[in-house]
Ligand SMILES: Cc1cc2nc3c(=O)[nH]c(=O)nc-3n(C[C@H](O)[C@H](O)[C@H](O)COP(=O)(O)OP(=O)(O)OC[C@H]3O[C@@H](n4cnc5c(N)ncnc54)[C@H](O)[C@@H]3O)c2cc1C
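Below you will find one chain, with nothing else, as structure tokens; this is the form predicted alone, and questions on how it binds or moves follow later.
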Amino acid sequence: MTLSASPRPQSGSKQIQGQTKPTVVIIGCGFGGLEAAKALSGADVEIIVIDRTNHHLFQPLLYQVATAGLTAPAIAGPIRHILRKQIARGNLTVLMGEVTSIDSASRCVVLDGGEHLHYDHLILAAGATHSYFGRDEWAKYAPGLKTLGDAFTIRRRVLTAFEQAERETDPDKREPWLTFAVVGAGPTGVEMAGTLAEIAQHTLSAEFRRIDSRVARVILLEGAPRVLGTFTEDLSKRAKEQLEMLGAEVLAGAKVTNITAFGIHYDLSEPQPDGSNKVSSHFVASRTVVWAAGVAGSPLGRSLAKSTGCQLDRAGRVIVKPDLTIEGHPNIYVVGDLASAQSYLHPDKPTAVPGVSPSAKQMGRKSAFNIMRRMKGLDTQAFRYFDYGSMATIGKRAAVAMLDLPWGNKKLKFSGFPAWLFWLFVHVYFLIGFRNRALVLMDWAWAYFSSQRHARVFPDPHALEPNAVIVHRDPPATPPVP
């Protein structure tokens, strides 16, 4: 079965009001897919956007949902509502469904119901998923944070851990419930660890009778020598200091070797005076582990590689040409987290494009721009990424920021309260829709002055996850070895 908004001519293009229009299929409505759809909406093309969910998600603030600081509608909006103006123009169709494979020979994508959807141009913006570095069995014990479902799972596990601690009368059995481990000290891990420490120290400090939430441990484990490795060393050091001021424990050089329902095993590498490293093995009993250590390209990248012979990098991302297409298929573009791309801002010295939302937006717009150039018979252009800097929030009044200045190849670096204010207004500005901005500002203002988080509700865990690890109260007498 072939899906089409109207009968498709033999050429594969759609016939609209007597005119033949090429069809552009966009897979994924994250930052890259959304920008591509908007940029193409005024072109003489038929656009079909496919996403497995009905909403666009502002991922940089997803950890706020996971830690009960924001509700889901504050950072997510229905795709159809966001693109309502483009839909009204009459050339954009939105479909909710999952693309299971790509058939480049017949120029079709296959949906979860078996339907075949034709394209003349394809933009693959399917994003990324979690990578457990070959240890996928860790996923059930250490959920990652990519979707609203992930955020709800983490929120439930964090809040339920405090509830289980309140029920536990044995101090030794209570301690693992009050120990929270975050694996990976990139921006997401740092933000999660800092917020968990704030919850324990302030939000819940007066709400339990049998326990004192302030004794909870929040441990951040990072395999590299320092946190926020993409930032400068001085900002990395400042971030570590701010985390420790909030009460979090930072373990740099800690490589996880195993994760179970009862805790986390890791090897800690410590520099010695003679220049060598001493490696020691450790186990931390923890019933709540959050994974923020690795990402991998969407499985659709493998499907594309199988169909087209394109190359993937070690993380499963599609290696693209300078114009964001793949070798041998000038009508297939890959953008966002799924693309292993380089920036040609300086053509003689291309640089790797980071997997962040600004780069996804710019790639989405560039892919749309190149499609329109090809339709006019013009050569496509190489992608040029404009990096405006990086930011990471650590907690209330604590953040680090590194901004690229437009002159002198210099960076503006600052931290603490000024960086936190800057981070706040930048994220509010980039949220989609006035209602979302207003909601977030009100929620953050309330949290700032009261230290409270109003979104601390979750459905019955037994209804959602009948076999959830969190409900098993009694670990074995001896924790399992790696």
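The structure displayed is predicted, hence computed values, not measured ones. Don't overthink the numbering: it's just position in the shown sequence, from 1.
The same protein also exists as the form predicted together with the ligand; that form is not shown, yet it is the one meant from here on.
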*Evaluate residue 52 for contact with the ligand in the predicted complex, applying a 4.5 angstroms cut-off between non-hydrogen atoms, and reply yes or no.*
yes
Practice problem: Classify residue 436 as contacting or not contacting the ligand in the predicted complex by the rule of any non-hydrogen atom within 4.5 angstroms, answering yes or no. | Solution: no
Even though the ligand is not shown here, does residue 48 get within 4.5 Å of it in the predicted complex, heavy atoms only? no
* Is there a heavy atom of residue 59 lying 4.5 Å or less from a heavy atom of the ligand in the predicted complex? -> yes
The one option of 94, 356, 372, 310 with any heavy atom within 4.5 Å of the ligand in the predicted complex is 356
The listed residue (154, 122, 99, 401) that reaches within 4.5 Å of the ligand in the predicted complex by any heavy atom is 99
Would you check whether the ligand, in the predicted complex, lies within 4.5 angstroms of a non-hydrogen atom from each of 126, 335 and 360? yes
Exactly one listed stretch (272-280, 165-173, 140-148, 238-246) reaches within 4.5 angstroms of the ligand in the predicted complex by non-hydrogen atoms, and it is 140-148
Restricting to 184-223, the residues within 4.5 Å of the ligand in the predicted complex through any heavy atom are 188, 191
